[in-house]
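Presented below, as structure tokens, is a lone chain in the form predicted alone.
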Amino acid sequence: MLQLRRSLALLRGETGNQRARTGSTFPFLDSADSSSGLVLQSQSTDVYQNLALEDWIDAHVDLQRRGILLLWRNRPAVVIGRHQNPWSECNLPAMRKMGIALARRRSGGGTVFHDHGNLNMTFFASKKAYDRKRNLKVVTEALRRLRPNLDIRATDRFDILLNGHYKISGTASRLSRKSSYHHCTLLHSADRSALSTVLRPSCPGIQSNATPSIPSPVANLTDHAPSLVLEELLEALVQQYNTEFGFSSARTLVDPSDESAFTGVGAMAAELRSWDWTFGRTPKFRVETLLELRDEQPPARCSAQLQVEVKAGRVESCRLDVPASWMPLRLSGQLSDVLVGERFCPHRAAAAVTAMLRAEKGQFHSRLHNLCEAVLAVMG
């Protein structure tokens, strides 16, 4: 605990007077120590807490005076970039069924799958010292030392490839006025079956200017180095980080849910969990797709055209072109009107159309029900 408190005092860069103003109880380390780096390892596997810890460090630490390496892992989660469209990037129905969380981070870049077999590293530095190539050198050199027989190389896109083909690490970053952080994944022993299931679109026919992910063949390190254990990998990364930047830091365990250590981090995590951040921050997009409809009583089929514009995660306009021989235009028009203003979300939209379905007792009730289900399926 004493080591943790010292590290947090160092992390904040507090003086005695600063602690008096902020009420901090962490012991002060002198300014000579504050020039060293820190290596922190999160004890949490909650994606929102770990992303919030990144934000907290970026907002509260004077990164002009020190570098920080944060190591963290998550329970199964899909993490999209700040400017991405979740409906394009991931299979939302499959994720709900599998209990896999969705998070939007504050950095750019593409979508990644996290689980306990994926190690995340965040390199914090001043904006002036921001150097993704040097950070990735820490990873590649650590791996080469551990397993010299593996062909490990960083690319011009700041990914890391195994054997010149398999992606084992993706990268993203965020630059503020004075500070920066660069984070990357490292596939040690992730569930590649789950990864391939969830990293596919949940909505057909999306037209958007959102940042798209670039699919790549992936592999785990343990596919090619079965004896490589995670603890061995962690130690090698810490050693190489210290070697590369001239530090002598040991790993310090931190709890990102600890408000006494990271004041306000809970509110940051709550924002990252919110629908407004995760879905509402999606760049405006349009969906154009065909709906295949059927009615068993009597047996009949038809195709309908759906056109939806979505802004801030909500339906801005909706048009349903359903053949009049299948359903009266008034019913398809009513459904379009009901959806406008609602979240582009199957659960919220389902609640909105329930009253309409209850009111329609006539011969077209089953067809209207089928049309509603087809529209809701498009929403993921």
Partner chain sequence: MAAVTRGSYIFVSRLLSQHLCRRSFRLQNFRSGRTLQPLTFRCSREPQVFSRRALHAASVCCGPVVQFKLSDIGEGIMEVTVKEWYVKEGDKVSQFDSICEVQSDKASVTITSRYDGVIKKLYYDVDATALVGKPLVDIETESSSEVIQEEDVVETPAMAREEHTHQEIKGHKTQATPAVRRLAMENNIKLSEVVGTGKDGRILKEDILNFLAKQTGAILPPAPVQEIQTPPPSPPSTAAPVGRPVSTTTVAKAPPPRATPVFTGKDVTEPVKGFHKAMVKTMTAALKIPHFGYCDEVDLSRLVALRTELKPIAESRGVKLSYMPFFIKAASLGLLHFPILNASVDEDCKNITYRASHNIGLAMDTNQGLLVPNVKNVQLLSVFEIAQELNRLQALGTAGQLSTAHLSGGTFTLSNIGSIGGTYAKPVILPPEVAIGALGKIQVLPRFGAGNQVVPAHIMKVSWSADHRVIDGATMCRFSNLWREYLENPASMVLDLK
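Positions refer to the first chain, counted from 1. Since the structure is predicted, the reported quantities are computational estimates derived from the model, not experimental observations.
Beyond what is shown, the protein has a form predicted in complex with its partner chain; the following relates to that form.
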Worksheet item: Looking in the model of the complex, is its partner chain within 4.5 Å of a heavy atom from each of Y130, T171 and K361?
Response: yes
Discussion item. Taking its partner chain as it sits in the model of the complex, is Q64 near enough to touch it, meaning that at least one heavy atom pair lies within 4.5 angstroms?
Written reply: no
Practice prompt. Would you please decide whether H83 lies within 4.5 angstroms of its partner chain in the model of the complex, comparing each non-hydrogen atom pair?
Written response: yes
Worksheet item: With the cut-off set at 4.5 Å between non-hydrogen atoms, does A219 touch its partner chain in the model of the complex?
Response: no
Worksheet item: S196: heavy atom within 4.5 Å of its partner chain in the model of the complex?
Response: no
Worksheet, complete the sentence: Testing 235-243, 150-158, 302-310, 288-296 against its partner chain in the model of the complex with a 4.5 Å heavy atom criterion leaves exactly one stretch, namely 150-158
Discussion item. Only one of G164, P204, G99, G108 gets a heavy atom within 4.5 Å of its partner chain in the model of the complex. Which one?
Written reply: G108
Practice prompt. Would you give me the residues of 334-369 that have any heavy atom within 4.5 Å of its partner chain in the model of the complex, in order from first to last?
Written response: Q334, D337, V338, V340, G341, E342, H347, R348, A350, A351, A352, V353, T354, A355, M356, R358, A359, K361, G362, H369
